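Listed next as structure tokens is one chain, alone, in the form predicted alone.
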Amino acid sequence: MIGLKSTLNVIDNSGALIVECVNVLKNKVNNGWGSVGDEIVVVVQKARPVSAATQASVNAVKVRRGDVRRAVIVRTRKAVRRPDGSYVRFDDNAAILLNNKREMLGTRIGGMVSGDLRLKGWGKIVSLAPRVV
């Protein structure tokens, strides 16, 4: 259940560390609350520092503090019910940043993600994740 002003950890290597949700996209069913697999608009609250040497390199940080980006929710503290009746809950809220074409901004994922992402059309994220629950 991610809503307005919710903070999420970023688990990709895009350069952002913590983001804040400002809008849940295309989710009129649940009154503006987002769950695993939903797309949201976020503001970067905390990002990795950028040094002058790494700014010119190929692996430069792609986001800065204050940037407005899209993201997909990959973990939530709120328990999500699966079709078999089991519930899955994580220790934190987490997201992965996207570009305007709905592609991942980073190239790696550094943490577990929910298996429900595959059902919602985010197979690329599931395939890159080190662990799927």
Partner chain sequence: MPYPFSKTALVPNLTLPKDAPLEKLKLGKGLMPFLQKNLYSAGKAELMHDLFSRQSPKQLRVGSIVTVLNDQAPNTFTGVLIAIRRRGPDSSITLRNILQRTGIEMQFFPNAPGVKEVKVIRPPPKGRMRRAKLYYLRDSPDKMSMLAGGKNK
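What you are looking at is a predicted structure, and each value in this text was computed from that prediction instead of being measured. Positions refer to the first chain, counted from 1.
One more form of this protein exists, namely the form predicted together with its partner chain; it is left out here, but the text below deals with it.
Screening 108, 46, 82, 102 for any heavy atom within 4.5 Å of its partner chain in the predicted bound form leaves a single hit, 82. Scanning 128, 1, 133, 4 against its partner chain in the predicted bound form with a 4.5 Å heavy atom cut-off leaves one residue, 133. Using a 4.5 angstroms limit between non-hydrogen atoms, residue 64 is distant from its partner chain in the predicted bound form. Using a 4.5 Å cutoff between non-hydrogen atoms, residue 21 does not count as a contact of its partner chain in the predicted bound form.
Taking non-hydrogen atoms only, residue 86 approaches its partner chain to within 4.5 angstroms in the predicted bound form.
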